[in-house]
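Next comes just one chain, in structure tokens: the form predicted on its own.
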């Protein structure tokens, strides 16, 4: 299979590297079984810190996006260096760069590409460009809920939905300012729909069970393009 894994930047906020070490082992196992793997990293607290400072200093949203992009690339290099010989050693800075890197047959890790484009949209773009079988969104919740689980204790996990339903949910819960992207934004959903890419939303705390999640044996949400 060809798999693109989008990692929430929050996974890089923890001082304990265990989750990233688990990622390394899981990716190694997937590659040894003949799968192709691409990874897209979010900017995490590093991005949020610089975006917050710059916003208070009067910077515009385009400049704030650039700070987020550079932070996401720093996180990408952390993953690249942990994977060592498994990975293409340069982090792509555009879709063209990604396509060229992908042709070498190694794990390709990237962050953001350009202002106005979330790393969720980047993950959808690289999934499309690589003809991926699955786009996996690893975030800090178990999947997609009918309401924001951070606010509503009775929010219900949805194990299977289509992109139309996902858009309805996200319109109620999601911001589009720099540094605030989670799950999929409208641009990412549009790409997923046009290329009929299946998406799995999972908790990054369960990276060690990624193969079971792909097989539908662990809690997650399958998002099917409408």
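Quick caveat: nothing in here was measured; it's all calculated off a predicted structure. Numbering follows the first chain given and starts at 1.
Beyond what is shown, the protein has a form predicted together with another copy of the chain; the following relates to that form.
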Report task. Tell me, yes or no, whether residue 125 is in contact with another copy of the chain in the predicted complex, where a contact means a heavy atom of each within 4.5 Å. Result -> yes
Query raised in the report: Taking heavy atoms only, is residue 71 within 4.5 angstroms of another copy of the chain in the predicted complex?
Result: yes
Query - Partner contact for residue 149 in the predicted complex: another copy of the chain, 4.5 angstroms, heavy atom - result: no
Requested in this report: Answer for residue 21 alone: is it within 4.5 Å of another copy of the chain in the predicted complex, judged on heavy atom distances?
Outcome: yes
Query raised in the report: Only one of 187, 30, 157, 170 has a non-hydrogen atom within 4.5 angstroms of another copy of the chain in the predicted complex; which is it?
Result: 187
**Report entry** The single option of 54, 161, 26, 200 touching another copy of the chain in the predicted complex, heavy atom within 4.5 Å
**Finding:** 54
Query raised in the report: Within 4.5 Å of another copy of the chain in the predicted complex, do we find a heavy atom from each of 17, 65 and 117?
Result: yes
Query raised in the report: Relative to another copy of the chain in the predicted complex, which residues of 193 to 210 have a heavy atom no more than 4.5 Å away?
Result: 194, 195
